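Next comes just one chain, in structure tokens: the form predicted alone.
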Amino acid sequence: MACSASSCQSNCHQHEEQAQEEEFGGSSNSISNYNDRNLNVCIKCKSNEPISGGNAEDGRFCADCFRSNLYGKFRLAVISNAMICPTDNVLVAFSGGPSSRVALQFVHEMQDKSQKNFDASRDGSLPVFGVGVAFIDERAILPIPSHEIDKAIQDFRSIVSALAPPRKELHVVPIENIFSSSSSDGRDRLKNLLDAVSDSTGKEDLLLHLRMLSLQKIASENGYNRVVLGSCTSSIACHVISAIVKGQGYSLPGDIQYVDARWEIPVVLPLRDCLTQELNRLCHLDGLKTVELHKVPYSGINGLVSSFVTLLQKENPSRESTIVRTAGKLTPFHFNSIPEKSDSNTTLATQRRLKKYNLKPNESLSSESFCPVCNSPLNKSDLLRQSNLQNHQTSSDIFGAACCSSCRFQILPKDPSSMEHFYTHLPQLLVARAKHSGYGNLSLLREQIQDFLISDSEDES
């Protein structure tokens, strides 16, 4: 508290200093020793020494409290948003990096606790959710020696097998499998598709969308009903900035929530409130093995934004959190919550939590039409363009008109002949999505944009 003297400078805290001088006999050395003692203990347990190094947030806690605090963020996100229920079967996307490694570890610990509760219950009324792990093999398109990826896969198998029961299956699936069951044919189609995209940012974004399609395919074929991503505050902050730059502001609120149920298998982000630095520190403290494949760094918009956010974070360790918290105030979509279901195995406590933390989406932002490439919800201008789909003759024209403005600008070829070539190499999943949300649902689109259409009588006048 600042003193009230007229000549006082603001925030001088004179009264506090005087109180400390009185408490320690007026000795400045005693005050210094008092402050040093407080800086050298964990702010939570007040007994252990805080961990050294890292950012200011890390240095406030001892190792045990730091881990407890990080796991608490994860658990609160899971419970508040009903990400994992006892009857679920969860697929963890695993790349070997710190984020996915911590996500796998925390999900495993939740499952281990559920297993102990099940074993302790007499009637076995508490089922244990299942866990699987998926790795997307991208050696067909990445300049990484094949033996390095094989070595990484061996490490992944040892990491997953070392986790305590229940057993977790590791799915290693080449990314080209979304094109064809034949690996050689799928590899050729994948390369031709990416070569048809001239923009470096568009090529990176298309590859990101293909990864999600692969995860969805693995989950659907193996009976999983949740996909867990290791996206953290740092990666989401980069996405917020890059999405704004790319003109994806309308769909941005749907991408950064804890739950994204627009997909056939809902996607959840339990590490949304955790920083990359925190995850790296936890892996170091707990000896969690990570496997970093040397991938090509981002270029174009994605690379510039990544460098920019990294610079901001160095200047102020709270910048990434501020970006995500600010973007989090945007109104979510209707698909940003797990759909309600009547399940006898869902406990009353879980149902209460769902009601307590239920999102309040703006129904005016509800959209039943999505971009066939990136699956972003379409805004009114996109829907107006789709209303003219019947004027197009070729399938490639229909597909292009069904896409959002960002994908049309950065991913789709501008030349009509190149567009036809691009369309022929698309995965069937994308083509089917375009047919479902595009010309196969024109009546619904017309109802949604009826107020913006000009009637024949108005046109004649």
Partner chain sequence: MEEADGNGKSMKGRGRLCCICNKRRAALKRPKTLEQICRECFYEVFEEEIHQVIVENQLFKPGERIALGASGGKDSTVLAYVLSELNRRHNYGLDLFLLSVDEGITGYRDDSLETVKRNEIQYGLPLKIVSYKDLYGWTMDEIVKMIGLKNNCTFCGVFRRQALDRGAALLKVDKLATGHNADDIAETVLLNILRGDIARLSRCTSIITGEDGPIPRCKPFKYTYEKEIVMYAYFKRLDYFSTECIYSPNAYRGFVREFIKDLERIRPRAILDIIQSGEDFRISTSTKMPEQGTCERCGYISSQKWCKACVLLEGLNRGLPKLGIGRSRGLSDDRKKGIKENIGTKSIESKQCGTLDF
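The model shown is predicted, which means the values in this text are computed figures rather than measured ones. Residue numbers count along the first chain shown, from 1.
Quick note: we don't show the form predicted together with its partner chain, though the next part is all about it.
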Q. Does its partner chain come within 4.5 Å of a heavy atom in each of 263, 376 and 435 in the predicted complex?
A. no
Q.
Quick check for you: of 143 to 151, 126 to 134, 94 to 102, 237 to 245, which stretch puts a non-hydrogen atom within 4.5 Å of its partner chain in the predicted complex?
A. 237 to 245
Q. Should residue 288 be counted as a contact of its partner chain in the predicted complex, where contact means heavy atoms within 4.5 Å?
A. no
**Q.** Partner proximity in the predicted complex: residue 223 to its partner chain, non-hydrogen atom cutoff 4.5 Å
**A.** no
Q | Close approach of residue 175 to its partner chain in the predicted complex, 4.5 Å, heavy atom | A | no
**Q.** residue 384: touches its partner chain in the predicted complex, heavy atom cutoff 4.5 angstroms
**A.** no
**Q.** Single option in 193, 275, 305, 259 placed near its partner chain in the predicted complex, where near means a heavy atom within 4.5 Å
**A.** 305
**Q.** its partner chain: the contacting residue among 188, 199, 88, 112 in the predicted complex [heavy atom, 4.5 Å]
**A.** 199
**Q.** Residues in 318 to 340 with any heavy atom within 4.5 Å of its partner chain in the predicted complex
**A.** 319, 322, 323, 325, 326, 329, 330, 331, 332, 333
